[in-house]
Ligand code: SAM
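Just one chain follows, in the form predicted on its own, and it is written as structure tokens.
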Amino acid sequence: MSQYTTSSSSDVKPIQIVPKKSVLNSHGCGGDCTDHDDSQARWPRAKVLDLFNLPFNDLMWQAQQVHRQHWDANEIEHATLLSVKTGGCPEDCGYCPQSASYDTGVEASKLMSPDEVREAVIAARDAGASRFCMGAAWRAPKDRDIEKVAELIGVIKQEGLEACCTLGMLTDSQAVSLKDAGLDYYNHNLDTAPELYGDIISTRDMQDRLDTLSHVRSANIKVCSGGIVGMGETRAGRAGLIAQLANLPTFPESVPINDLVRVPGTPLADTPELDPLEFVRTIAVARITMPTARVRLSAGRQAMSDAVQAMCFLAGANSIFYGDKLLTTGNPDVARDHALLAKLGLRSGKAVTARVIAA
């Protein structure tokens, strides 16, 4: 298991994370499900839960040590997310207002044109974003859709930003086509712990998501994959999500942690809100278990106080979605983000990678 230490001294050397080799079982979960022994996983689920159960100050201290070992502690990546094809999705994800199964007031739209996307990319770049993410509400794009998206990726690259897409499930050949178009990252969230997945989504299963991530990896595209907390899961469920991500053959380069946005008309609209400190704990555990990943403070930020966001940054979050809207839900406006980051002495970080320190 990974080794970590604590100290009360003010003169503390960064801890060394020494993970075990990842061992995947036959269904690719990395050993974190509840129906088998996961003692050979890089991060056994029980050890992830041990992190969650630490006293809050001890957990934050460990997360800070790991974060400072690998990242500039005062740098926050700015990414912008644009829905280039909204609504009408045939999936039944219980949290999503874009599902055709629910009456949420979201109207289906066609794929945006290159000129429309270029205008949004330029605005995002001029506002300080370094990564531009495009989302399309498909279960799985058709090859002709991939051709159109490839043109949009070209627009992003022409304007000098990193390109990310979230388009649903991909085949191996589609992933290669996106790579050839210049795609840097592909987002495909695992959403929740494996044993809870069927309670949230019935139109696909966890293996479908793992297959897409495998295709993305094989195409040499960086992986952006995280999940949503606050969907009624227990702390053990949150530990299961983080263990699932941390035990992938290579953990994601980017890990968005979303706090559920409760949209009227969706099955999860009346789910009780998650305690903010539990959300902070999730950020901290993600940082400790995936030290060189960008941990992104994602959906739900609009409802968070400045103090909670500050604790998330202290816990190791070093990326935010930047702009007034996330696909179809709200996000803090740019002026509020500027004010918060200025108060905290944080600066915008461009497209850089972690400092990987040899064991």
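Each residue number is its position in the shown sequence, starting from 1. Note that the coordinates shown come from a computational prediction; the quantities given were computed from them, not determined experimentally.
What comes next is about the form predicted in complex with this ligand, which does not appear here.
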Original post:
Which among 70-78, 124-132, 166-174, 232-240 is in contact with this ligand in the predicted complex, heavy atoms within 4.5 angstroms?
Top reply: 166-174
**OP:** Flag this candidate site as yes only if 188, 191 and 259 all have a heavy atom within 4.5 Å of this ligand in the predicted complex; otherwise mark no.
**Re:** yes
**OP:** Tell me, out of 299, 66, 51, 311, which residue has a non-hydrogen atom within 4.5 angstroms of this ligand in the predicted complex.
**Re:** 299
Subject >> Position in contact with this ligand when the complex is considered in the predicted complex, options 183, 96, 155, 210, heavy atoms within 4.5 Å >> reply: 96
Original post:
How about residue 196: is it within 4.5 Å of this ligand in the predicted complex, going by heavy atoms?
Top reply: no
**OP:** Classify residue 146 as contacting or not contacting this ligand in the predicted complex by the rule of any non-hydrogen atom within 4.5 angstroms, answering yes or no.
**Re:** no
**OP:** Please run the contact check for residue 263 against this ligand in the predicted complex: heavy atoms, 4.5 angstroms, yes or no?
**Re:** yes
**OP:** Decide whether residue 84 counts as a contact residue for this ligand in the predicted complex under a heavy atom distance cut-off of 4.5 Å.
**Re:** no
Original post:
Listed by sequence position, which residues of 217-237 have a non-hydrogen atom within 4.5 angstroms of this ligand in the predicted complex?
Top reply: 228
